[in-house]
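A single chain comes next, written as structure tokens; it is the form predicted alone.
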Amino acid sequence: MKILVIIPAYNEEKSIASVIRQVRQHVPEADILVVNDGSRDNTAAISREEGALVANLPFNLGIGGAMQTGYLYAYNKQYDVAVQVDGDGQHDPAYIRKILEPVFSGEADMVIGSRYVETTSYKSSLTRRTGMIFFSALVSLLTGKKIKDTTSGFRAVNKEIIEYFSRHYPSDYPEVDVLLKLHRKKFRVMELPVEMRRRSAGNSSITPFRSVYYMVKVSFSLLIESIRSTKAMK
């Protein structure tokens, strides 16, 4: 199995070296691709020094554009599985093998590393927690399936989803949106419990205002996607 670990990174020069080293420690057979999303710091140079492959985007596209770049690379290079690991150090690479196992065995097409399937030490702000509960309920309503951690970006996918994501991936706030798309295409999604950490350096781009914007925008996107899906089935 050819494994690609995709690390989207925007101004993560203080954490990226540690993330790459930990990924290599826990999954030494995997290739590592850092998608440098228009960073203004030394993220790209440090990633190369650590031996990672680097895809430089000319300007900041956001997580959707960065991840689709990674999936395009994975598809063109014929990788069997791809894993998303954020560049800020919140995702613990020690859990990569755990979320890969159901993909390897054919039990799932995508596995989400979840903070909420079981009780973990992760603590989120009230705003974020409210949003996570809201999206979980909305996705459950629209798909009939319960996914507790809809916003987790710690994910492993198989070859079929790599191909699908290389052609169809939301450009803005994609984590929740893709769940409905995968449900419509009858892909199997599974959650497994993982521990997540505080970002090791830098500041999150998700402010309270952006959290509200996120909820409104993604909700409309999900509802529109659901309406389109219903019309297509008629």
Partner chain sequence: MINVYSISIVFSITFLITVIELVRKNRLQERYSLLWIIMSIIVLILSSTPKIINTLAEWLDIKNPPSLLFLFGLVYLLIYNLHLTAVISNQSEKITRLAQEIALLKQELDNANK
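Positions refer to the first chain, counted from 1. Since the structure is predicted, the reported quantities are computational estimates derived from the model, not experimental observations.
Omitted here: the form predicted together with the partner chain. The next part is about that form.
- Contact annotation for Arg197: none of its heavy atoms lies within 4.5 Å of the partner chain in the model of the complex.
- Using a 4.5 angstroms threshold between heavy atoms, Gly65 counts as touching the partner chain in the model of the complex.
- Asn76 belongs to the set of residues with a heavy atom inside 4.5 Å of the partner chain in the model of the complex.
- Although the partner is absent here, Thr43 sits far enough away that none of its heavy atoms falls within 4.5 Å of the partner chain in the model of the complex.
- Put simply, of Met190, Leu182, Val27, Val54 only one has a heavy atom within 4.5 Å of the partner chain in the model of the complex, and it is Val54.
- Of the candidate stretches 153-161, 138-146, 97-105, 68-76, only 68-76 has residues whose heavy atoms lie within 4.5 Å of the partner chain in the model of the complex.
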